[in-house]
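Next up: a single chain in structure tokens, the form predicted on its own.
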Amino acid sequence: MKVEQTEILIIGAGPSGSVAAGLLRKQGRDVLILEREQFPRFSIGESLLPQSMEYIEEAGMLRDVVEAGFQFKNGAAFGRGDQYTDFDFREKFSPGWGTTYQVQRAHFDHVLARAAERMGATVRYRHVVEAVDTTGAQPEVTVRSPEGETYRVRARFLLDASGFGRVLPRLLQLETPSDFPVRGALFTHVEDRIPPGSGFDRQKIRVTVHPKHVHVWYWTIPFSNGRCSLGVVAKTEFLEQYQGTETERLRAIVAEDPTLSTLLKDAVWDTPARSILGYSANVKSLWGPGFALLGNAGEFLDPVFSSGVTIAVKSASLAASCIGRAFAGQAVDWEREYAVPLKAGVDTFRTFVESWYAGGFQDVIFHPNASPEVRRMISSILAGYAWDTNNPYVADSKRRLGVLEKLCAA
């Protein structure tokens, strides 16, 4: 069997893989990406957060993204019954980017993958990793090509950026149950035909709470071409109440919210809806001998605050920095220098996600007399700055948010 050698092998050409490739190419590393799909391919998770732009810029891919013509995004809007509030991410506590984009992921992911190729990485599409061995001096994977040929690749370091494919967690038995309740999503893209003057801000994602169920919410993410991503998230037992195709079920749930159904009354439902169940995931460890897990391959919380891509590219930046130091001959403590700082931001998001579903954070963001200073701090977290420990709601998120919930409920 043919055996190839590379410095860095990346499994998956999604955002974490492509950004990691860009960062590592800037270090002069030899990078090979193996992607099981043919790009462009559909992926969910279309609303980026401003914090992610820092890492896209760091990877040398900012111009590629800016010139792709995606929908400009400056914040997030929330609706619950007759209540409405929005956050402008430019009005935030943390320094850094305050704007970003809302993207069709098929195009966005392809833009980043092509940028990685432009920077000198090799990307092989439709190459499937079937086995991995991390017991030797270097990690080695067994790969099947589109033509059915099997070959091996040996690398100085291996990054798993396979997202929900979770290649290394599956093959190395690293998966562990998430402590989040099992939820699912129904989603599609529609030609929304939302008229100007409707009050719908196309520069913001809109999150709508179900009129009767605090734990059920909808996303509406407008794109630059008159279309939008539309979905609903709920516990699986709620979704199972609805019969028919995924499109019929999604349309029935959307019809239950008067504001959302009015906004979409002229929409053209021209794309069959899809579903994903039990998406929350966790692992025993984010790293091991000669490898690390990036983004969703390691842990995925929940889509409510659009944190997935930000966590993915943050993990790419941390991992690339660790690899750079290791290849320079420095001792790297992967737990302390990679896993711990990555988890710190993930845990901040976790605090707010858990509070959202319990209803407390919803009371906070819809409170009519919110402190402007506190709103700027909350805006920073919604913009993705979950690692900024200068923000009290990051440094001490559970206690601070708990106090705020009590004040808003009083």
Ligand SMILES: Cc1cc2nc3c(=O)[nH]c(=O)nc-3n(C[C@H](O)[C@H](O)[C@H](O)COP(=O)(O)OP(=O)(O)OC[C@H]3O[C@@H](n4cnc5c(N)ncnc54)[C@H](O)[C@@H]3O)c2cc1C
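These numbers were taken from a predicted model, which means no experiment stands behind them. One rule holds for the numbers: they count along the sequence shown, beginning at 1.
The discussion below concerns the form predicted in complex with the named molecule, not included here.
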- Of His189, Lys204, Arg251, His127, the only residue with a heavy atom within 4.5 Å of the named molecule in the model of the complex is His127
- Query: Phe164, Phe200, Trp269, Tyr242: which sits within 4.5 Å of the named molecule in the model of the complex by any heavy atom?
  - Reply: Phe164
- Could you tell me which stretch in 77 to 85, 252 to 260, 320 to 328, 102 to 110 has residues with non-hydrogen atoms within 4.5 Å of the named molecule in the model of the complex? 102 to 110
- Though only this chain appears here, would Phe366 touch the named molecule in the model of the complex if you measure heavy atom gaps against 4.5 Å? no
- Contact flag, Gln362 vs the named molecule in the model of the complex, heavy atom cut 4.5 Å: no
- Item | Contact of Arg36 with the named molecule in the model of the complex (heavy atom, 4.5 Å) | yes
- According to a 4.5 angstroms non-hydrogen atom cut-off, is Ile44 in contact with the named molecule in the model of the complex? yes
- Does the named molecule come within 4.5 Å of a heavy atom in each of Gly14, Phe300 and Val309 in the model of the complex? yes
- Within 4.5 Å of the named molecule in the model of the complex: residues from 220 to 239 (heavy atom criterion): Ile221
